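Next comes just one chain, in structure tokens: the form predicted alone.
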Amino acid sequence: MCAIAGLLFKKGRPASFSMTTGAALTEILDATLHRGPDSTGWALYHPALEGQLRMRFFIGANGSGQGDIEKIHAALADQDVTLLAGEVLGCTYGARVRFNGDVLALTHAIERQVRLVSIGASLDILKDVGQPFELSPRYAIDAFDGGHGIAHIRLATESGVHPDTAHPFWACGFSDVATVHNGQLTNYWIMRRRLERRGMVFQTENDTELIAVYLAYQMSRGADLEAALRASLEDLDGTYSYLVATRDAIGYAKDKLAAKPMVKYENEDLIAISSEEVGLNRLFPGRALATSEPAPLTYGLWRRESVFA
């Protein structure tokens, strides 16, 4: 099955909402744990820092992590990337760097030496094998209090249970684009080969990554996120409900069969999304919520400070 989660504060977190953004996403996931107990991940969007990027890498366990960190430092130095700070969280190493060049070119240059999780001025993806409440303290998720994020729990079906097959997926080579997905894309290989012929890069064989790369490709050719979402309804075959996040927005799309559930709650302060209503109830215990489920073959988009849906 799998479960998706999303939260966006339109104008900052209201004082009446007591949870941090990270804690709220974790609560949504835990409430829907029966849909995907194998792995967990969060795509979190921090305030952007001028001229800087957040980079996250997978590193090995059992004593091999330090060697991986040394390789990361060497790969960055080879590309004239200035390391400003770094820290280990779980099976990942997060680096804050100064870099003003082309992210896609940087990705091509270092991807064979190191294992990238994400790059973004705002984006930081944290994911691992395990369940939400187990992983949240390991990755300091509750400390995240940014304006928006998406998250996922996975029931493995088409590939093994590993950190790199957990969701969310980054649009490899494109800053700040991430996706989570419940469902299956039946034209994955056709679309992947088409995008690879156009220079796009894939890190895994998970079909959710295709959504991220596809949307990034559309936007790289001049489409805005709304147009890319609309085009995906025609180009992506299968049964799916997916969320995409960018530096200032969260969007969704549902296929024509709408077999994969997605429930949303919106008020003047926020939009919250879950695969089941029980996830939204965790955010507002004891309240009756006016929730809704998007119709088949629809898409929507919510931005910080302004909203379209």
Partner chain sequence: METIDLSNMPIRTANEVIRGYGAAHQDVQIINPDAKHYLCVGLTNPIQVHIKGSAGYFCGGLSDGPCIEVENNVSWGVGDNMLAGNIVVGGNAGAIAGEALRGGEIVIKGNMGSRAGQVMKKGTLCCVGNSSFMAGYMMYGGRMIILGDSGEKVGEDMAGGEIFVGGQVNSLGNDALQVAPTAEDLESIKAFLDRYGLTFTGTFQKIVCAGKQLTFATPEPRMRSLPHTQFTGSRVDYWNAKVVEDIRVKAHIGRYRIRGYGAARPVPHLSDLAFRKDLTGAGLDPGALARVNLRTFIGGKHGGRALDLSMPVMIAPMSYGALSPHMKRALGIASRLSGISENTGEGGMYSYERAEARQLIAQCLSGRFGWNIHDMKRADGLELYISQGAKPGLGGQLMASKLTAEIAAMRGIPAGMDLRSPSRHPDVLGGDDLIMKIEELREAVGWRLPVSLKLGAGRTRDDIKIALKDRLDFVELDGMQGGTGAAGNEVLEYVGIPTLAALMEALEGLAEIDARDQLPIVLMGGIQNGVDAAKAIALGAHAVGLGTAMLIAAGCIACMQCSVGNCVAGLATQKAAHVARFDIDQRSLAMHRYLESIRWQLAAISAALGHDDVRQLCRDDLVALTPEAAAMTRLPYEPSAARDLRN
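Positions refer to the first chain, counted from 1. In this text, all values refer to a predicted model and were calculated from it rather than measured experimentally.
Note that the form predicted in complex with the partner chain isn't included here; everything after this is about it.
- Only one of the listed residues (Thr204, Gln184, Gln113, Asn187) places a non-hydrogen atom within 4.5 angstroms of the partner chain in the model of the complex, and that residue is Gln184.
- A heavy atom within 4.5 Å of the partner chain in the model of the complex is found for one listed residue only; from Ala258, Ala48, Ile69, Ile271, this is Ala258.
- Using a 4.5 angstroms threshold between heavy atoms, Cys2 counts as touching the partner chain in the model of the complex.
- Of the heavy atoms in Thr298, none are within 4.5 Å of the partner chain in the model of the complex.
- Residue contact check for Ala156: one or more of its heavy atoms lie within 4.5 Å of the partner chain in the model of the complex.
- Using a 4.5 angstroms limit between non-hydrogen atoms, Ala223 is distant from the partner chain in the model of the complex.
- Heavy atoms within 4.5 Å of the partner chain in the model of the complex map, among the stretches 244 to 252, 258 to 266, 40 to 48, 22 to 30, onto 258 to 266 alone.
- At a distance of at most 4.5 angstroms from the partner chain in the model of the complex, none of the three residues Ile59, Ala121 and Arg303 contributes a non-hydrogen atom.
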